[in-house]
Ligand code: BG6
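The chain that follows stands alone, in the form predicted alone, written as structure tokens.
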Amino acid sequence: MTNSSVLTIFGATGDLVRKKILPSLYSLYKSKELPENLKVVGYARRDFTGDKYNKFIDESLNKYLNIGTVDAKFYDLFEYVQGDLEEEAGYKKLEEVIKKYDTMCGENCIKLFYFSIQPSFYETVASKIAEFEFNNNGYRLLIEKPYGHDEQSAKNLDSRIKQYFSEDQIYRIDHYLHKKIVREIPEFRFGHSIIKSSWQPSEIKKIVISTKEDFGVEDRGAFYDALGTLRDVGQNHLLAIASLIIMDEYDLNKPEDFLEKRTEALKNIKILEEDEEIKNNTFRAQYEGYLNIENVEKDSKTETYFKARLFSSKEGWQEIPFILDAGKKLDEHKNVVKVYFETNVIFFEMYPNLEICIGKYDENSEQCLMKMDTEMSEHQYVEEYASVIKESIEGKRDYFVCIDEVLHQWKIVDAIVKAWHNNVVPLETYKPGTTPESNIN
């Protein structure tokens, strides 16, 4: 790892920082995995100058890591700059602070800019930091999803950001690709000779990728109503996992080959273009009570649950269904990937357990018979975002998302969303605490 870095966090007082980024930084700090010379510069509108930001750090670590007393030296990593995302004065103050630490770091200083902000500000922030008057060769932009809201907007956003920065400077985050179990899918596939020989389309009958939550939208009404479940988790998380299931073996010595094979796998997932295809292979529903949530439109047609059956055009895989489903206020909280063979099934469970199981199934039941040893993590989000921060500092891009992946993910989802807007698939309703039934299996 580089010895010198400056990490600037835009939106430094927001929920993502409080819940995930600060606990992850503290975890890396305690395990001595941060650069020797690191400065974290927080930028936000709120007046958290002086020791107010230290109190914010305390609240975060006490709540999400159960830290009683924070190591006092951890505070020394931080400097807070108050400023608005659209006003010049704030950026001038920020530039002076970063320039100070950039000079201390030296020529090889890596400067990371974490966009923990609304996507509508991505272009503005990129344009402002591109004007800073110091060496920008070490710039890396860490950008959260959603990257656009459809294929065209993603293309437009990318072209605007690339007026200032190149593809290799943009680190698009999909935190699912930093989950321990998700990372083990390709290792499990290609690292075990028996599994490798069995993981053939002639042997696989079905793949299920599921993210089910037993809680609702809560206080995220405006954000969620503009997206819906398919675009919130289907377009990125679930399709990213699908690419790991179907991708070809990659060269372990060439990280870029892993990204290329993943992208190629996504390109092979067929787009459902005909209304009849979409009617037969997708389902959408909304839980009762969703319309009463603050900032949700009273006649909203936003889905809080979806299920989709997709296929690959890749040779041998054409008849194997990929069943994707995700939703809110369901009967359980469980994140799992299941790969079905003739009578065996492999489970990659991300929540509530963290495990890989090999088991049996029939029409009526599924049973795990053998668990693979997997180290449990008490704080999964902390582990994921620690990986995001650490690997971006190290310049490891293979578990970040390239623009080709993003665009193909949107192509797949756009066709479905368009048909849903035309009511090709009616919006069903379901009672909270249940998972709606559909004809997709």
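Residue numbers run from 1 along the displayed sequence. Since this is a predicted model, take the numbers as computed values, not measurements.
Below, we turn to the form predicted in complex with the ligand, even though it does not appear here.
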Query raised in the report: Is Val233 a contact residue for the ligand in the predicted complex, using a 4.5 Å heavy atom cut-off?
Result: yes
Query raised in the report: Contact between Glu213 and the ligand in the predicted complex at 4.5 Å, heavy atoms?
Result: yes
Query raised in the report: Does Tyr381 reach the ligand in the predicted complex, with heavy atoms at most 4.5 Å apart?
Result: yes
Query raised in the report: Heavy atoms within 4.5 Å of the ligand in the predicted complex: does Lys179 have any?
Result: yes
Report summary line: Checking Lys128, Arg140, His175, Arg309 against the ligand in the predicted complex, the residue with a non-hydrogen atom inside 4.5 angstroms turns out to be His175
Query raised in the report: Of Lys329, Lys145, Lys338, Lys111, which residue is found within 4.5 angstroms of the ligand in the predicted complex when only non-hydrogen atoms are counted?
Result: Lys145
Query - Options 233-241, 72-80, 290-298, 195-203; stretch whose heavy atom lies within 4.5 Å of the ligand in the predicted complex - result: 233-241
